Each structure stands twice: as structure tokens, then as C-alpha cells.
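Take a look at this one chain, the form predicted on its own, written out in C-alpha cells.
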Amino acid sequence: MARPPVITVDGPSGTGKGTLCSLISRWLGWNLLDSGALYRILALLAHRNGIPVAEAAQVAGLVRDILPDVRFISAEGDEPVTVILDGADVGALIRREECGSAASSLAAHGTVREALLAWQRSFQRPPGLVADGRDMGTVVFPDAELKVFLTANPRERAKRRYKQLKEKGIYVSFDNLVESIAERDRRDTQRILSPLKPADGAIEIDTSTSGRDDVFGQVAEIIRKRFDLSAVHNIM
């Protein structure tokens, strides 16, 4: 039996991966996987349980406790994907900068990545999957039918993040935000395990000067050419 199709969207934070994946999953009616949220949830649970992120083996042990209780719900417009843990929306908690930094550190540990790999792949269910992350096309779903890699310059990504935080009443130093994003890029691209890079055959799109609708339009046109979308309606 043929496995359900997969579309992967990889790239650094602030490039619009979450928004794009949410739009695609709603448009196609496919399942959604926000892989980065899993690492953030692990970081949150490690903090709650008093486990330092450096203790990778202990943090990996938390995986079997959270896997049955995590769901992703696609959102409308530019709203972030809703992340449900134990029946509660934890999106605001896991999107804090300190949680993102801890998640990036956890992602460098092989024990943590291995613990999450099989569960990530379990999201490949009918009618299809849209997977958002950093190694979806290179490691988790190397045979995906379509691979997309989004990029954007660090200052533009910092502007977007700064705007998001300000709208939520959270005020941070813009310069510190730029530095934090640049440092995370260095960690993600230089780590030995599953470094952040375009997958073989991935279509690269620079979103620095492109809006949500433009990026979605580009990817939607590619999807139309690769998949049978006779039953799909147009949400845009």
C-alpha cells in the first residue's frame, strides 16, 4: 500500500514556515506536524521537572510521557499553529525566547532526536502530511514528494519576531533579538547531527521581501503541478 504523501517545509525561525504550513494543511485538508514545537515542549517539561537541558538522556525519557498528549491545529492567516499539551494550549509558553534557546540546545543531542524520530514519522497518515521543521526533508522524511526550504535575512526575521512579541505586550531589545537569532542559526547549521540545510531537491524560497500570500501562491502552484488536487478547494 502506498504511503500518504508528505510535503516538508524546512528553514530557520522567522522565515514564515509555520504560517505557510498552516495554510497548506488547511487548503489540502492534510495533517500538520510542527516538529520544532516538540523540542520546545520538551524544554518546557524539562523545566517543570527540574531537569537541566544538558541532561539529554533524562529529557529524552520525557518523550514517552508527552507523545500521546500533543496535537497541532492549523490556524487562520498569520496566527501561529495551536499546540495542545494535556488538553491545554501551551503555544504562548513554548514560544518564549528562553524556551526556543533551550529547544535548540536539546536538538543538538542525538538521544533526544532519536527519541522523537519514530513519533514524528507516525504523523504520516492519510490523506497526507505537511511537516514544518529544520530536518524534515533531510532526515525525518527524506522521500517526501515535495521539499521546500525557506530563507530570509536575520534582521528581517528579527523584525517579524519583534513585531509579534510587541503585539503580545512583550518588549525585548531588538539588537539582542538579532544576536539571538544569529547565534541560533550558527548552532543549527554547524551542529554535527542533522544540521540545518536544504534537502536534496528542495525548492528554496527567500521570504525576506515576500508576503504571506505571495509565498503561499508560489508553493501552491508547485503543489498543483505535483499532486492530484481535484478534491481540493481554494482557500485564498
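The first residue of the shown sequence is 1; numbering continues from there. None of these values were measured; they are calculated from a predicted model.
Only in words, not in the display: the form predicted in complex with a small molecule, which the text now covers.
> In the model of the complex, which of 38-46, 24-32, 53-61, 202-210 comes within 4.5 Å of the small molecule (heavy atoms)?
Correct option: 38-46.
> Does any part of residue 148 reach within 4.5 Å of the small molecule in the model of the complex? Heavy atoms only, please.
Residue-level check for residue 148: no, no contact with the small molecule.
> So in the model of the complex, does residue 103 come within 4.5 Å of the small molecule, heavy atom to heavy atom?
Yes, residue 103 lies within 4.5 Å of the small molecule in the model of the complex.
> Hey, in the model of the complex, does residue 13 get a heavy atom within 4.5 angstroms of the small molecule?
Result yes; residue 13 sits at the interface with the small molecule in the model of the complex.
> With the cut-off set at 4.5 Å between non-hydrogen atoms, does residue 130 touch the small molecule in the model of the complex?
No.
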